[in-house]
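As structure tokens, one chain now follows by itself in the form predicted alone.
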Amino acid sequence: MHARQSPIDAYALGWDASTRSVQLKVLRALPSTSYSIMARRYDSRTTIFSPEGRLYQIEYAMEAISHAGTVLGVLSKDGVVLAAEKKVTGKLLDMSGSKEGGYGGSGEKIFMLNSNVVAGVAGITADANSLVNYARQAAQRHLYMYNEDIPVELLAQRLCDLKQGYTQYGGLRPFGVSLLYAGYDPHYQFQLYHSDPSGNYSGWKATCIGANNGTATSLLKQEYKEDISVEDAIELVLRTMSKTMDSTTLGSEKLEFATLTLDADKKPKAKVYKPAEIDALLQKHGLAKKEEDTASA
């Protein structure tokens, strides 16, 4: 038995009652695949919910991140370690800036946001550059107003507020990038946060974003220990990266690396490793690529 439809409702819809009844029967007879095809009209705008309550554009942004280079972070009792897989490589790429000047890094995966916060990004690099600049400005505004480094969670909140706004207003698309924030402040000591395109953020002891994040997370669950030192965390990160990266060999041309520790004055000290330092680190832990691999590269 179909619920009776009032003539007023049928008239408002532009159909008479009999036509409406026939169309309802046709819709009920459609296979389930037709519903999924019809649902496609809900993925063209960020601000429209699907009938299942989903925002497809945000899910697509997260899917883009799952194909990006891996970024892995581990929190230890005396520091935080970040490592990232570079996708933009090549013999003709000018890397003199990362080898000689600046604070290290290629400007693709790991960035200094402030003296007490380092970030690793996975996703669309152009979107990441925009968010990195915004974060740096927010950190400097806080320093100017309060004469102290911005708390790590507050900086993550500032970026997430911006990212959430891009999911709620028409004519905008979400940022196609996730970030790992490794930081230190006097309130909560060393911290590791992750934020995604929806504007959510969460704190972690160890986590991974980008390609092969499921495999890396499984390895971290098995080997992470609560009282791990920064030296052990470095070894754990390098070992996990060697097992999960798409590359067959681990070298400075494919890897970015950073640590955040305290100096002798108990001030946060961020270090983004230069290519020669990454190679030395891999050599120390027995993960450097073999000579024949170097010769064939």
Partner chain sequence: MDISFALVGKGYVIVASDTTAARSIVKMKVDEDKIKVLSPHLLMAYSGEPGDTVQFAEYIERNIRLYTIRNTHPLRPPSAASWIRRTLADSLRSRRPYAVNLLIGGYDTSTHTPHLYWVDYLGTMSEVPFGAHGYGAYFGLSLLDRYHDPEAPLEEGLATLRRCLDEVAKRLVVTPEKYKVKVVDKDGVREVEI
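Keep in mind that this is a model prediction, so the values were computed, not measured. Numbering follows the first chain given and starts at 1.
Below, we refer to the form predicted in complex with its partner chain, which is not included among the displayed structures.
Heavy atoms within 4.5 Å of its partner chain in the predicted bound form map, among the stretches 221 to 229, 81 to 89, 184 to 192, 110 to 118, onto 184 to 192 alone. Remark: residue 157 counts among the residues lining its partner chain in the predicted bound form, judged by a heavy atom distance of 4.5 Å or less. Proximity of residue 146 to its partner chain in the predicted bound form falls within the 4.5 Å heavy atom cutoff.
In the predicted bound form, residue 151 approaches its partner chain with a heavy atom inside 4.5 Å. The closest heavy atom approach of residue 77 to its partner chain in the predicted bound form falls outside 4.5 Å. Proximity to its partner chain in the predicted bound form, taken as a non-hydrogen atom within 4.5 angstroms, holds for one residue of 142, 173, 136, 205, which is 142.
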